[in-house]
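Take a look at this single chain, the form predicted alone, given in structure tokens.
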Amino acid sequence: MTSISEIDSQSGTMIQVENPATGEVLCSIRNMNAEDVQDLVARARSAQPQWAAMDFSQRARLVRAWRSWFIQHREHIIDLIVAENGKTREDALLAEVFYIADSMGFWAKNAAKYLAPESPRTHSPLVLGKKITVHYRPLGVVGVIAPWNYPLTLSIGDALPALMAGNSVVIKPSEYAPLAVQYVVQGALEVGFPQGVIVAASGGGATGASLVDRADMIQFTGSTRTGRQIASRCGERLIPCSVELGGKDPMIVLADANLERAANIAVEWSMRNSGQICMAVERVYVEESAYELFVDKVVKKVAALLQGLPGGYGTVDVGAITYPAQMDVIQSHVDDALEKGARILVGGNPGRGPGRFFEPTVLVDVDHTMKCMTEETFGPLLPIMKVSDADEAIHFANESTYGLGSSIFTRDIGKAEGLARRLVAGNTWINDAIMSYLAQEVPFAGSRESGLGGRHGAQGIRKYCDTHTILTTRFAPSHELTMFPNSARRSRAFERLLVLMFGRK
């Protein structure tokens, strides 16, 4: 079994990969330059036609074999994720390994259905008698640029539909968490994937930029700032891109809600993975009459969380902060809130020890002048704001440049559904949070500055394809009424037909 140190590259400029929970250097990876990326893309481009020529069942067979390998090697994969990411073993198991295993089966089963040729019936009288078929064909080489917070879910998870659509894939994982991705890509080769069909690039931002300049399509997950740059460059090259960006997800808790459940969900999805989740609960609006009880429940639950060095299952609840600069962001949001009148009820400080930790923190007396309510924190910070009613909660929830996820808690489901439709977000969860991400049959996408495009469902695989419409005329006269030469009599007849068909109010 491959050890962490054996993933070291053999040559080139190196980047150290460290364990954020201990500060230990795990290994070094190669910081690939433009020529290295060009070589990877060339290999992927050379392999793609043969891969695309396989039928769906052949590709699905290899993906299922990959899944068997993945499950067999799950313990080592979890070890890698925990070491490079600093998250708990439970986070690695449930949100990464379980999701990827499920996703492998989902796309192996459903890709052929989503990409089957379609023959819609046309409405136009001028096309009657002609057959129209829409085909989906792969774009070529897909570049997947993945973040550090969910290194497998947001890399292999995006590569799977691209592969099943017949593309080859070059993955550029974050330089802060590349090891699990490299290991799982190697597993694809071990079970028989053709060389070059899926490859991993290693390196920093310049490596990703080189991939954007060379791939035929880009799937990116990360910051809004970088997403803008990637979308702009893809626009210059006239290639498609799909970008999932930041979030500042609101939770609305009404007075009639099951407050115990609402508090559990708020703590779970603000503190899970140390709050380093794109659709984490980042701000809560609670109706006035339920505010004190809700806050009391949340504070007790957060105070009971165990934080520290991730070990075996059940040892800690909250792990480390993966990205070094994120510590400064979290601290700045706390400091800004305190300066403007907020209070800390629990936490509020960096953790002790050699690694990067920030205490699970609850803030109250917050408002929209504070960064913690308007800017993405991406850390274990939960600000809770009192509102007078549901309308005020909706107003503040929509007062954001983001629009990824949102939650509403109330026992009145009819009311909740009406409020949900007023929220500007790609996803809304009623008496829940985040879980629709696991329903891969339905789209998961953001609005506003939370991204373009989306994952899952038919659109989650069709985005990796061109459409090819074929019209076939089999039985037709040699000369049709609309053909040259033009005739005043025929044209007036068509004009009368136009009025007859479309002129009524």
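Quick note: we count residues from 1 along the sequence shown, nothing fancier. Everything numeric here is computed off the predicted structure, so don't read it as measured data.
Keep in mind the form predicted together with a small molecule is missing from the figure; the text below concerns it.
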_4.5 angstroms heavy atom contact with the small molecule in the model of the complex for F444_ = yes
*Look up in the model of the complex whether G205 has a non-hydrogen atom within 4.5 angstroms of the small molecule, and give yes or no.*
yes
*Contact test in the model of the complex: K172 vs the small molecule, heavy atoms, 4.5 Å*: yes
*4.5 angstroms heavy atom contact with the small molecule in the model of the complex for T226*: yes
*Candidate from L139, A390, A209, V185 lying within 4.5 Å of the small molecule in the model of the complex - any heavy atom*: A209
_Selected contact from I230, L115, M217, V97, since only one has a non-hydrogen atom within 4.5 angstroms of the small molecule in the model of the complex_ = I230
*In terms of non-hydrogen atoms within 4.5 angstroms, which of the given stretches 129-137, 376-384, 296-304, 80-88 touches the small molecule in the model of the complex?*
376-384
